[in-house]
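Just the one chain here, laid out as structure tokens, in the form predicted on its own.
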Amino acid sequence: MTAAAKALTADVVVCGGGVAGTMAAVAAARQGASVLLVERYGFLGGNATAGAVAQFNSWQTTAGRRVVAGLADEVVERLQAYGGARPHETFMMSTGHQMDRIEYSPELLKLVLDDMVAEAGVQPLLHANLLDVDAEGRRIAALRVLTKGGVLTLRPQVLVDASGDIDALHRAGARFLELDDGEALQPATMVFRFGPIDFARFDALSADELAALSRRGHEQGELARAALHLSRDPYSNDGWFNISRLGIDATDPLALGAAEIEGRRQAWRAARFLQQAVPGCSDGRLRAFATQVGVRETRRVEGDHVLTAEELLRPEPFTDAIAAGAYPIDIHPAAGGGLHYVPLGDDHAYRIPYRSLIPTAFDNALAVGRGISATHQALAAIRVMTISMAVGQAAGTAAAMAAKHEGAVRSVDVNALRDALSSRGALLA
């Protein structure tokens, strides 16, 4: 039988193997579901690996109360066992606010995610690109993906769209949220590796000195973003710099390709500025580009509940909360060098409701990652990978439960879902 004629069935099909999708796949498999995980690259991780973001932010409130654990904790523990993650630390952002993070090796994260998927019994389908989706009324019936062996048809009980751009639900005909007047998509970034760095000298720079250097680089046209933000590699004196700015709609194929090219140019100029002007960087060179630009925002699905910034800032005590977070509202404007930053209180945490994962147009689908049902401003807080892992764990657990009821995601007992998540170490408030 040729691949073009072959169909695969599974309780849960996860489209997109970023950290949100991988956690969804692992969680569903650990609940006893059969799971197919579709990924376009030959490795998992999405922005965490291909985008080389190299740090997981905001595990806790600024007062130190943990708000993310569960599978996300397991990822870090496994990274540390490989020697691929630095200790939990607090650092100063370019805005002058403190944030907590764990810096890690994108390459070793690939191994960690491979291990977790294999041990859970997930069937990964790598080097697979989504072609189209068949919807029968309010039900996702099939996905077709292009593989090295031809076209495969996948038939899920439940679809979890973790593709970042929510491509599967878009092709199926889901409804999406529009930007309000005056809003623009957050820009993408080309992360790059630079080193060696004399971190004793670099870390000795005060916040004011870093800010002055950042402004100087931006004013001279060497830095697209007025920042010198980096993640230190766990086992070398290199750093991954997240300081470029590419104002595009990453669902536009021509714009995305142009951004990859411009991103590399911006990284080269930034590396030259680092070498010439930044203490501790004079011996450094540009070592590598990320595999792809890191995308912050594209499509946001219309869900049963649209999460708002006001609900995060209250915070709203959702009875169907399935994950929590404490990352602030952090909007990168499409142009200029600054940030729109709304800090939270010292012990402020918010909740994400299950209903924001359920697309209004379908009964057997969930969305996770940066495309969940949230306003532009709310997404600016909940888009980070730490929170995405928590939401992914929740979605995978819910999908496995729904698969026992013909995929009906709204039939999931939310209290039972919350209990299952808590029993697996997740934090819900």
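Here the structure is a predicted model, which is why all the values come from computation and not from measurement. Counting begins at 1, following the sequence as shown.
Quick note: we don't show the form predicted together with a small molecule, though the next part is all about it.
Stretch-level contact check against the small molecule in the model of the complex with heavy atoms at 4.5 Å: of 366 to 374, 25 to 33, 396 to 404, 63 to 71, the positive one is 366 to 374. Shown alone here, F56 lies within 4.5 Å of the small molecule in the model of the complex, counting heavy atoms only.
At the 4.5 Å threshold, heavy atoms of V295 reach the small molecule in the model of the complex. Using a 4.5 angstroms threshold between heavy atoms, I352 stays clear of the small molecule in the model of the complex. The small molecule is not shown here, but in the model of the complex it comes within 4.5 Å of a heavy atom of A162. Proximity to the small molecule in the model of the complex, defined as a heavy atom within 4.5 Å, singles out one entry of N129, Q276, T251, Q123, which is N129.
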